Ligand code: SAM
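The chain that follows stands alone, in the form predicted alone, written as structure tokens.
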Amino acid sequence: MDFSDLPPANKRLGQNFLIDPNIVRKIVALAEVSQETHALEIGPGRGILTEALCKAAGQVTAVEIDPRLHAYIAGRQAEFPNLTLVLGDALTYSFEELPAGTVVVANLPYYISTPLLFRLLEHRDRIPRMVLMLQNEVADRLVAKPGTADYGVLSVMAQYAADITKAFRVSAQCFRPRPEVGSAVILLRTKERRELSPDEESKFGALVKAAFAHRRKTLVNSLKDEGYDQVRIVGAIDHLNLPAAVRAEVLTLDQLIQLTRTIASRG
């Protein structure tokens, strides 16, 4: 394939363009895109996934931060009559403007994948599912179970908001330029029911970050070091029949939710 007439990758923006049509087909199929779907693509790049989405979906919005790539896709607008192309940063884009039921399909720039994922999950009320290409290491953290080395803040917060499946690995051969890290595609189905109220969610997020802030320490000491009252922590752990020396990394999502509520009730 000749790439000489295409915009080159910008290393600063972490651009690795997908070139394998078979992977594109698998991604679109996994996203369950149909003519009733409004799809959001983040970072359309050279447009290989954009083209497939525009053929499969009713409407597609694509957000591109790179003016060169935006101009390139805009030059092909006649091929994509159902595409709304936006020049902007996905980290500041107003996801509130998306219609309810929007499906996100994207090959995310790896250097912003985690903060961008958190932003997308904040708007999960209007996003029923996401199919995302991520660094394999990040994908492993998203699906990690308690007691494993990959289990942490990202695992807990993402699994609180969505049911997550690591669908398949993607070889570096499928990109130009080839990334130095492995890649994987994940499917996130966001949860309609929120276990916690907005106020409780804020406390839950703060507690999870504090609990994992010092992984080598016990949960009591990690939370104490992050400003939590030790008496309340000890009382809450005892109330939940957890070992006194328990560490955050072995607690399940449900246990961390219960811990949040128990500490709050003792305040």
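In this text, residue numbers run from 1 along the sequence as written. Because the structure is a prediction, the values reported are computed rather than measured.
Omitted here: the form predicted together with the ligand. The next part is about that form.
Inset, instruction - Would you check, heavy atoms only and a 4.5 Å threshold, whether Val33 touches the ligand in the predicted bound form? - result: Val33: no contact with the ligand in the predicted bound form.
Legend entry - Contact label in the predicted bound form: Pro115 to the ligand, heavy atom within 4.5 Å: Outside the cut-off, so no.
Inset, instruction - With heavy atoms only and a cut-off of 4.5 Å, decide whether Leu69 touches the ligand in the predicted bound form. - result: Taking the distances in the predicted bound form, the answer for Leu69 is yes, it comes within 4.5 Å of the ligand.
Inset, instruction - Consider Cys54 of the chain shown here, and say whether it contacts the ligand in the predicted bound form, taking contact as heavy atoms within 4.5 Å. - result: No - in the predicted bound form, heavy atoms of Cys54 and the ligand never come within 4.5 Å of each other.
Inset, instruction - Flag this candidate site as yes only if Gln15, Glu41 and Gly88 all have a heavy atom within 4.5 Å of the ligand in the predicted bound form; otherwise mark no. - result: Yes, because Gln15, Glu41 and Gly88 each have a heavy atom that approaches the ligand to within 4.5 Å in the predicted bound form.
Inset, instruction - Tell me the stretch among 224-232, 237-245, 56-64, 198-206 that has any heavy atom within 4.5 angstroms of the ligand in the predicted bound form. - result: It is the stretch 56-64.
Inset, instruction - Taking 4.5 Å between heavy atoms as the contact cutoff, choose which of Val185, Met130, Leu83, Leu108 touches the ligand in the predicted bound form. - result: Spelling it out, the residue with a heavy atom inside the cut-off is Leu108.
Legend entry - Single option in Ala210, Val28, Ile48, Val220 placed near the ligand in the predicted bound form, where near means a heavy atom within 4.5 Å: Spelling it out, the residue with a heavy atom inside the cut-off is Ile48.
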